[in-house]
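Consider the single chain below, provided in structure tokens and representing the form predicted on its own.
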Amino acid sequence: MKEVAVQTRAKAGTLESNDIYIMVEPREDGGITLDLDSPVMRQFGRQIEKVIRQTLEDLGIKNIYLVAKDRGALDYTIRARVETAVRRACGG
């Protein structure tokens, strides 16, 4: 897949129950930095991170700073929020 560069800061989601807030910022290099906060980190932290990283890979993102504040979102919601934030940050 072609590498896609994030151009600006963008966000998606809310801090409401069963949602996840995603904020992304561009990085020139250094890979993916993920700052994840969730009340269910012990039980589901690895799965949330896996879904986020897989979504970024599917979108061709190699360098990004991503903040995720989870409030019990399911996998499909996590994917949708990450994709929306990345597309906004890429200009469309």
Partner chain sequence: MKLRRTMLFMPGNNPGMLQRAGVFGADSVIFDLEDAVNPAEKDAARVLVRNALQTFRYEMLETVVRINSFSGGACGEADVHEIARAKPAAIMLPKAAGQEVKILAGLLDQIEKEEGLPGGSIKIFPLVETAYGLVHIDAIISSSPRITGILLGAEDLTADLGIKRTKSGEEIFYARCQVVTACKAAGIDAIDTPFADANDPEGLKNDTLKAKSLGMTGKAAINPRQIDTIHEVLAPDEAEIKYAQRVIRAMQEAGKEGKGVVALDGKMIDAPILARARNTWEKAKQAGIRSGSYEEYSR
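Note that the structure is predicted; figures quoted are calculated from it, not measured. Residue numbers count along the first chain shown, from 1.
From this point on, the text means the form predicted in complex with its partner chain, which you will not see here.
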In the predicted bound form, residue 80 touching its partner chain (heavy atom, 4.5 Å): yes
Residue contact check: residue 74 to its partner chain in the predicted bound form, 4.5 Å heavy atom: yes
Contact label in the predicted bound form: residue 25 to its partner chain, heavy atom within 4.5 Å: no
All of 3, 50 and 54 with a heavy atom within 4.5 Å of its partner chain in the predicted bound form: no
Neighbours of its partner chain in the predicted bound form among 10-24 [non-hydrogen atom within 4.5 angstroms]: 18, 19
